[in-house]
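In structure tokens, the next block holds one chain alone, the form predicted alone.
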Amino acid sequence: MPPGYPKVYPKGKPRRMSLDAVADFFYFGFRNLRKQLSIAVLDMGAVAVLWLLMNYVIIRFSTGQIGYTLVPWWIFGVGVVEAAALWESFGRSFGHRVERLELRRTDGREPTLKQRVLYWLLWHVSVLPLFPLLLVPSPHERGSGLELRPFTMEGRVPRPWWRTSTGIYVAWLMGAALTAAISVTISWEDLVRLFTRAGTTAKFWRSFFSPDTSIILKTIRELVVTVFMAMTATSFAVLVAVPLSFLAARNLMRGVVGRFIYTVIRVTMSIIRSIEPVVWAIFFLVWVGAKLAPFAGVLALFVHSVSDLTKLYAERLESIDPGLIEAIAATGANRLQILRYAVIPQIVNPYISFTLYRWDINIRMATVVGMVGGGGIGQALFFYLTGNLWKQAGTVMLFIIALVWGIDYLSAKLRAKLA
């Protein structure tokens, strides 16, 4: 008997029948299922979007109607699945790039054509039923001798985008999306009117360059109201957005409770930000009344500014240098001291820059909000336009242009000082 060999027979269940082995099987199986399924879903979604866009463009330009598929839906579904399988088997697909993986042989070398064909054939009996994906490696990987490995550029020369399957896909997607957008927003009649009816705007341009001096003082007063609306909304938005940004930063909110708070704030801010300030202005005009029009405008700008600044501030927090935090923490500093000496110095200047940028936006948005009754110079402009008072409207426009240019110049100078 060789030295070191046990002199007694082992007792107990084999490893593969133990509770730990069963737990490992399901743990690694579900991890493999999630990985393979996410890649397949991403690729099918990418193929479906491109297919629908291209069909929409073809139908729109050929018939002038709106349609999304030229074939029955069951053929569309089969085609999407088959295209995803081919993409994953013979190229580096969209799902592979998202997951940062690539298809390689088990020895790390480039797959052969025979292996790719075998991988594609077995893909159908492995991915589509789903349950074979619980096996590690999956049947289509085991049978073809291929596996998904982390992608690396070490020892490789980057290929031009037009020689990669994903690059070609993105080019087709952008082309189809742009063509579809043009077909929806521009028609041949629109282009004809654009180049043949420019003379109809002559009345406006003549009024624009012959302002009514009798309303200058009134316009200046409304302009001051607009500036104060933007200043008030931005100032109060900063007071709310700064503390919220710390709760909306992924790297600072850890644990179950932290991630729950992070998710709630992020989702809430996204919903608020998706509603335009004009809609918020109408909402608050109904709430507080038309007599308090500037206040309704401030509330509309405030709500939208809070959501926008919270996102900008939080993303800056997520990109801070963790090395400085670790260095301060290594000295024995508590959380408040880490925040004071490691986090705040990295975010002060970006926060100020974002605030100035948002104030610049609010100056312009205050004009738009005023046009729906939110007070300020926009309300006066809307009154003149609806009354066909072109000279007065042109005067107001000249003051708005001067204000926006001045604020943009001032904020650009201030941001340059902070850079």
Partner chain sequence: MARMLPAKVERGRLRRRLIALFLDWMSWGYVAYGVMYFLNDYWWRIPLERFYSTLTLPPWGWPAAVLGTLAMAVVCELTGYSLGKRALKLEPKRERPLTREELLRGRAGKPFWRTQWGVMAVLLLALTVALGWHIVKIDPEALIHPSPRAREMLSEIFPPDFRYFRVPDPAFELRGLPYSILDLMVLTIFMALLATVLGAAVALPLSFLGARNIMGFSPVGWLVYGVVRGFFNIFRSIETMLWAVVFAIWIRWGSPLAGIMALTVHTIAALGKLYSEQVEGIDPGPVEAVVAAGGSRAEVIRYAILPQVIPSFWAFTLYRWDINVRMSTVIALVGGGGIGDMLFYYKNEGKWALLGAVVITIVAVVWAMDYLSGRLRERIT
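Positions refer to the first chain, counted from 1. Every value quoted in this text rests on a predicted model; they were computed, and no experiment measured them.
Only in words, not in the display: the form predicted together with its partner chain, which the text now covers.
- Proximity to its partner chain in the predicted complex, taken as a non-hydrogen atom within 4.5 angstroms, holds for one residue of 352, 385, 70, 41, which is 385.
- Distance criterion of 4.5 Å from any heavy atom to its partner chain in the predicted complex singles out 225 from the list 225, 252, 85, 127.
- Residues with any non-hydrogen atom within 4.5 angstroms of its partner chain in the predicted complex fall in just one of 240-248, 144-152, 116-124, 182-190: 182-190.
- If you check its partner chain in the predicted complex, you find a heavy atom from every one of 273, 299 and 417 within 4.5 Å.
- In the predicted complex, at least one heavy atom of residue 294 sits within 4.5 Å of its partner chain.
- Interface residue remark: residue 232 is counted as part of the site for its partner chain in the predicted complex, having a heavy atom within 4.5 Å.
- At least one heavy atom of residue 100 is located within 4.5 Å of its partner chain in the predicted complex.
- Among residues of the shown chain, residue 356 is not one whose heavy atoms approach its partner chain to within 4.5 Å in the predicted complex.
- Residues from 199-224 that approach its partner chain in the predicted complex with a non-hydrogen atom closer than or equal to 4.5 Å are 200, 201, 203, 204, 205, 217, 220, 221, 224, in the order they occur in the chain.
- Contraction of the residue 267-residue 34 CA spacing by 3 Å or more is recorded in the predicted complex, set against this form.
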